[in-house]
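Shown here is one chain on its own, the form predicted on its own, set out as structure tokens.
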């Protein structure tokens, strides 16, 4: 039975048991992605800033029911096959909704109903696995490369990182023989977001990259290439390059880059190529959702421009560079990054006492099926210092569902448990193959 309600067209109706559940794929890394009981409320944005930074522009979920972006899964809960509704493309991604009416669930989409394919399987893991394999084939995902292990500056130094901090931890990693391949500098080195040159406080990147490489490690760097703050030099000199509301951070409103413009992509290629020329070959690409805010009649959801922007980053970085997406539209990124953050940050300055919980656990567990199919899953950095009350349960999450293993502490502040855990988790990284996904329903 098909019909329409507003701009959504019904594509299926299913009688469900009382144990029925729905999985909704969020738009980007930080979007709520999980399983819900039919009587649970879906997670909605708390305010306009979080709506812009966590949810899909122009496609907020309804106040009732459930919405997935390009993918929604229904387990009827009565022994009948699990139904996976999803697209096998990476552009023009439709929203898919599940509306609950008593024991009946109505599935609808705002896209072409014929473009939403259904996969039925006797269980959650087979359904998601088959869907992921199909999407990977359609997107041309090649052989996945193992993720290098990394040390990241962010969760200890945040924006106050200095070259001396990098050198201190590099030496500490050597002295303790920790299995770290990449030393990754995070936010704090640049003039501003959108202005990708070194600030006076941090100084030149060249000596730092040379030092890391001379000591036998790979040099990694953080970049938010698809956004700029409204007070950046880029915004002042090229206001026509910026589009949309990307939320707010760094004390200013954020705007996305118009990646449909060849001149913007040329500039972007040059930014990334300069960093690659300095010796950086591991790129943590953050706030990528800002690249899908350009909408045209030919590209109504910005996904074609977004993919063109990611392809440009790859051109600038070079074919051997390792690209890690973060805050990135999920389906539109398939085939263009090596690894993907599948969760929001689990650790924030205001949550160092554990009061905000393990924010990354929900998405990391729900998206475990993507590992080894679409990319290598990154659940977020291990934080193992004694002052973090949730370090042990977070280590369990990293051990169970993170294919990319990284740590983000000042090494000198780790106790015996912390050093042992870092050595164990980074020394035993899983291959870039699918996890056992039976737990994704929990």
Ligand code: 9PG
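Numbering follows the first chain given and starts at 1. In this text the structure is predicted, and so the values were computed from the model without any measurement.
Same protein, other form: the form predicted together with the named molecule, not shown, and the subject of what follows.
The stretch among 181-189, 297-305, 116-124, 88-96 whose residues place heavy atoms within 4.5 Å of the named molecule in the predicted bound form is 181-189.
Proximity of residue 250 to the named molecule in the predicted bound form falls within the 4.5 Å heavy atom cutoff. With a 4.5 Å cutoff on heavy atoms, residue 345 counts as touching the named molecule in the predicted bound form. The closest non-hydrogen atom of residue 367 lies beyond 4.5 Å of the named molecule in the predicted bound form.
Put simply, residue 284 is close to the named molecule in the predicted bound form: some heavy atom of it is within 4.5 Å.
Residue-level contacts in the predicted bound form: of 38, 42, 383, 53, one residue has a heavy atom within 4.5 Å of the named molecule, and it is 53.
The single contact residue among 322, 280, 196, 222, judged by any heavy atom lying within 4.5 Å of the named molecule in the predicted bound form, is 222. Residues of 138-170 that come within 4.5 Å of the named molecule in the predicted bound form, judged by any heavy atom, are 154, 155 in sequence order.
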